[in-house]
Ligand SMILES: CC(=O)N[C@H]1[C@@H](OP(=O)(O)OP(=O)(O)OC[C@H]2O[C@@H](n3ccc(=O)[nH]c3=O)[C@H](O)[C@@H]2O)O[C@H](CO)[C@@H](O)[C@@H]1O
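Okay, here we've got a single chain as structure tokens, the form predicted on its own, with questions on binding and movement later.
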Amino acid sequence: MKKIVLTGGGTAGHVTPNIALIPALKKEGYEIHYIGTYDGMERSMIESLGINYIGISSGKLRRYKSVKNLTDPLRVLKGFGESLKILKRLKPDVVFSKGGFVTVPVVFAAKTCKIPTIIHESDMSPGLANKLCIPKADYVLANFPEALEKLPKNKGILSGTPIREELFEGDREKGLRFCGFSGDKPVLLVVGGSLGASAVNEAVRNILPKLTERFDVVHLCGKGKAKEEYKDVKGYVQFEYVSEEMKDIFKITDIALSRAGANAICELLALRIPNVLIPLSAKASRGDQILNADSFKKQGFSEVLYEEDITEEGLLDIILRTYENRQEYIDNMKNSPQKDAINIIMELIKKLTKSD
């Protein structure tokens, strides 16, 4: 039987693209195993799907001084030894790595065992873990055209990010009921994100009366950021977090206002939702969201408003303009190769799989 090992962990962004691949892998008859950390957040996500999960030791790779830099290399070495034993026992045809510190010992062990490996990089420039792994990989997949310039020419492929198939299966009527909307107005989805959501939340709420004249507004404001005084505003609904109903919310969304995390904007691209991106400020991050947003603007998928430039008038204007020109963004998204990630990745996996 064909076998594959998936690996990735540390954040949801290193796990959800792997999860998105699972239905396609099952359809092709692959036996799927997952290697993550002993007790990382990825464990519960994967085990809930009935996938065999195997934990290994993992240390964080740091660019800064820390006393843990003395002990964590030992954890990585231990993880490498554990990965060797696992891979020799499972004998997978291919390893697919989504990134995160746990992947380093797995990818190095796969190279030692001469098992083909595919790496996926979400951001414009590879993180430290993927930088270490790229020389060991057969292919390195990228979200953005600009990222290909930083990858080995014989390995880099533009794929976009795998998107969970259930996001395409939303029900409009369920979405309207869940949000309490009539469907008479276009819907604006606001995604603040868990990190730095306050700036986006405040900016939106400051212009809420003008927004609700034109739109019904569904606001994912982040944990602990819902406000009681907005609870009964007509045409506005706020949620701290949405899971199962997200596909239905996407189905009713005509335009989105979002941070510019790689997975979030790739979902908007795949679902062809015109959007305005407010990337996380470079003061609060390594600047990857700014690069992501600029790439999407350059490709004609999005408009961009930088956090430092937000004014009430400017925010309202860019939302209205993007909505009025929405078909232009939709057409550009339809023509993007980044919307077909699962098929691109599956073709590579099948190419690397040993024939019986």
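When you see a residue number, it is the position in the sequence shown, counting from 1. This structure is a prediction, so every number in the text was calculated from the model and none was measured.
Missing here is the form predicted together with this ligand; even so, the following discussion is about that form.
Of the residues given (R164, K155, K136, R205), R164 alone sits with a heavy atom within 4.5 Å of this ligand in the predicted complex. Out of the listed residues D93, D123, D254, E82, D123 is the one that sits within 4.5 Å of this ligand in the predicted complex by at least one heavy atom. Taken together, the three residues N201, I318 and Y323 lack any non-hydrogen atom within 4.5 angstroms of this ligand in the predicted complex. Mapping the unseen interface onto this chain, N263 counts among the residues with a heavy atom inside 4.5 Å of this ligand in the predicted complex. At the 4.5 Å threshold, heavy atoms of D216 stay clear of this ligand in the predicted complex, well away from it.
Although the partner is absent from this view, D248 stays clear of this ligand in the predicted complex, with no non-hydrogen atom inside 4.5 angstroms. Not displayed here, this ligand is kept clear of F168 by more than 4.5 Å at the level of heavy atoms in the predicted complex.
Across the options 147-155, 206-214, 115-123, 226-234, residues that bring heavy atoms within 4.5 Å of this ligand in the predicted complex belong to 115-123. Contacts between 1-33 and this ligand, taken as any heavy atom within 4.5 Å in the predicted complex, involve T11, A12, G13, H14, T16.
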